[in-house]
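Just one chain is shown here, as structure tokens, and it is the form predicted on its own.
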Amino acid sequence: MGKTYKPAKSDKFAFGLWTVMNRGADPFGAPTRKPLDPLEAIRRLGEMGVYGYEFHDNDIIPIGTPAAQRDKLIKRAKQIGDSVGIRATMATCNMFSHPVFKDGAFTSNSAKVRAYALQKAMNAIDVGAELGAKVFVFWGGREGTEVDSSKDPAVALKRYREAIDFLCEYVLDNGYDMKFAVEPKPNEPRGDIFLATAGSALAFTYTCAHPEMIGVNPEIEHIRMSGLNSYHEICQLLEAGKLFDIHLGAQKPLRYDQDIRFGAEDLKESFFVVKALEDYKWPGTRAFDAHPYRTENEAGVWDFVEGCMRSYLILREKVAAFNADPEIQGILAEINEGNRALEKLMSGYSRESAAELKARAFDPDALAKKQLRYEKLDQLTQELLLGVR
């Protein structure tokens, strides 16, 4: 296989426990793998050089677990994590599997269901805090509709916001070092899910009582399900300072949620996602949220884990090559033509700068004649990714 591209803890890779615990079931077929114990999953991930694990509350603590057993499971997860150098980096609450959430959790039409959802979320936040997770994600997989007459989306979003505001106060009241991230998805399992895209989730964060505590957790697959560009969506969140977590995987556009191994589909888009994270020196974990193919046994699960990390490391190496390539950088310098005087005028409004800009003479025909060598730039990028540069 050539280079090993062996991960180090400093790479800050993370996997959701649900990724390796996935049993290969789909809507048309039964599981193809035996259940994997979550504590064993933590151990094996740590042994493979993974920095962190993400988990749903019920990944580790099944619904109905007595308090004493809950405490034992948390203690054991800590012990195993310490022994193999892995830690909990993100926690979330499963509010989609149990039939009680068949019509939503925070946006349910039932006040009792909404109250139970808040109770479950508070308990999950407690577990996350005990295990040291700094980020808590809300994926509203059931927060949506198939029948538009069943819910007023404005009322549903108001309920969603009230729940998030309540939980922000809960975190502050308990002194937890934790922030929240909303994970957008357009559809599946609901026909239409509220907060469908990174942009809609980003806008929602600013309407909450504690916007500084709330960011976004984009997932490549969910973005591509909408036919959007994951590089663009992620960069918008980076620029806004709202990228609180990220889920890396692969997806054919406009399909059902395929959750394919990272890097297995659009290599160019995956490359630019890695480039954004590395160039901006984003400090968060590079978390993978995908599933091993249904064809795999348990050994294939760990091939999947290795493959996700290996692809990221290969693409990170390609990013360094791109940034050091003199021909590529020469074209980029040529394209990004600077003008200090004009940039100073445009950097902030004043009457004087507006008047000076209005008085400037521009020749749009002459400006339009400049060649932008995007064909060459794209070809060079392609050749670099194909390994011939």
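Quick caveat: nothing in here was measured; it's all calculated off a predicted structure. We number the residues from 1 along the sequence you see.
A second form of this protein, the form predicted together with ligand GCO, is not displayed here; the remarks below concern that form.
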Partner-contacting position among Tyr170, Trp282, Trp302, Phe96 - heavy atom within 4.5 Å of ligand GCO in the model of the complex: Phe96
Answer for Asp289 alone: is it within 4.5 Å of ligand GCO in the model of the complex, judged on heavy atom distances? yes
Would His56 count as a contact of ligand GCO in the model of the complex, using a 4.5 angstroms cut-off between non-hydrogen atoms? yes
Any of the heavy atoms of Ser230 lying within 4.5 Å of ligand GCO in the model of the complex? no
Proximity of Phe204 to ligand GCO in the model of the complex, heavy atoms at 4.5 Å: no
Using a 4.5 Å heavy atom cut-off, are Thr92, Trp139 and Asp257 all in contact with ligand GCO in the model of the complex? yes
Partner contact check in the model of the complex: of 128-136, 178-186, 78-86, 160-168, the stretch with a heavy atom within 4.5 Å of ligand GCO is 178-186
In sequence order, which positions of 201-228 have a non-hydrogen atom within 4.5 Å of ligand GCO in the model of the complex? Glu219, His222
